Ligand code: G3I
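A lone chain, given as structure tokens: the form predicted alone.
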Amino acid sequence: MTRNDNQSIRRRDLLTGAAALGVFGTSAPSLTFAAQAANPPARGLGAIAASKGILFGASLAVHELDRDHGERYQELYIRDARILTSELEFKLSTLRPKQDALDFHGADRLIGFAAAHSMPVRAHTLIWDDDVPDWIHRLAPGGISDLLDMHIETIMRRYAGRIRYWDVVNEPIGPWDGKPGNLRAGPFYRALGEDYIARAFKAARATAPSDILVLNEAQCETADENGETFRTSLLALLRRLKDQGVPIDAIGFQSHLKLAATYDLPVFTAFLHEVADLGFDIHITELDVNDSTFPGDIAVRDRAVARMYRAYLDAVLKVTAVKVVETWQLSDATSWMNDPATQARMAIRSNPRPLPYDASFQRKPAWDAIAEAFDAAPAR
């Protein structure tokens, strides 16, 4: 997600405490955790995915557990998720709001929830040049270099044995910044150039030799100039990092899909094969579908969202290097698209319906589409 998206979520927190081408177009308080979901179905999405060797889950925001819908919220994860991703809790700006202070409250709660339900955790994210607290910009380059090493070691040692997956570097590509290789600008890039990426992964591997280290990227899916720029830039970066022996285990693709966008799934899956051929596993990390341009009729919108999920997953799951699939939240009630500032910036209609469950935590056609895609996927 972009920095503006992240800041919008923070504002919300403060306020609330087809063939494929036919589908896509041709152009706090203490908490008592529920032991199990009430009357769960025979198979949740996590179990269906696991039957094909795929790990399914979603991002979880611990502040949602404190809201009136907290019990229903957690039931979805207990029922359907086999892995949890942090939303804000492990971002540097959350963990280090001040230069001389660390805040582990949210991260500890998320780890506690996951442990109570025997779920692995993906920590998102250790280093992201687009989401840092203001005080980092006042550091000299040497101080930023030291911070990178110290932050990674501190966080990974604290949660040793309790976190299996780490988004070590998030969104390194940012062509609008005009940097060599189309890399994203920011304090870590300013201090170290492209080397900040290799340095972060080497520090992570030295601290946690057996954990899964992930480079997570966005905007690679679309069949337009932007998508092509992201794909070619990321692939070139991955080849450089591989040549340097940088210890990366998997590449994450966020997959914030849009009904209004154009996709060429054969082109995208060919790109995924190129990534896999470099020796990386592939994770789909923030999957959802923006339905903001479709008609107001809920049934029409839900069918369109479901078709997009099915077509996209049918395509990418044929790439057997895809080992993990996660949606960005599970219920429309907690989607990042609900934030008013995000809606204004992205021209999103009110009451978006991008996820497998609606705002009342009831299953939608998208749930069935995801389940059917997992059932149809080849085993890995």
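Bear in mind that the values here come from a model prediction, so they are computed numbers and not experimental data. One-based numbering along the sequence shown.
Keep in mind that the form predicted in complex with this ligand is missing from the display, and what follows is about it.
Contact with this ligand in the predicted bound form, defined as any heavy atom within 4.5 Å, is confined among 170-178, 154-162, 187-195, 234-242 to 170-178.
Residue in contact with this ligand in the predicted bound form (any heavy atom within 4.5 Å), chosen from Asp302, Asp264, Glu286, Asp129: Glu286. Proximity to this ligand in the predicted bound form, defined as a heavy atom within 4.5 Å, holds among Gln254, Gln74, Asn290, Thr222 only for Gln254. Although the partner is absent here, Ala114 lies well away from this ligand in the predicted bound form, with no heavy atom inside 4.5 Å. In the predicted bound form, this ligand stays beyond 4.5 Å of every heavy atom belonging to Arg122. Glu87 belongs to the set of residues with a heavy atom inside 4.5 Å of this ligand in the predicted bound form.
Contact with this ligand in the predicted bound form, defined as a heavy atom within 4.5 Å, is made by none of Lys52, Arg82 and Trp367. Contact residues in stretch 91-114 (any heavy atom within 4.5 Å of this ligand, taken in the predicted bound form) are limited to Lys91.
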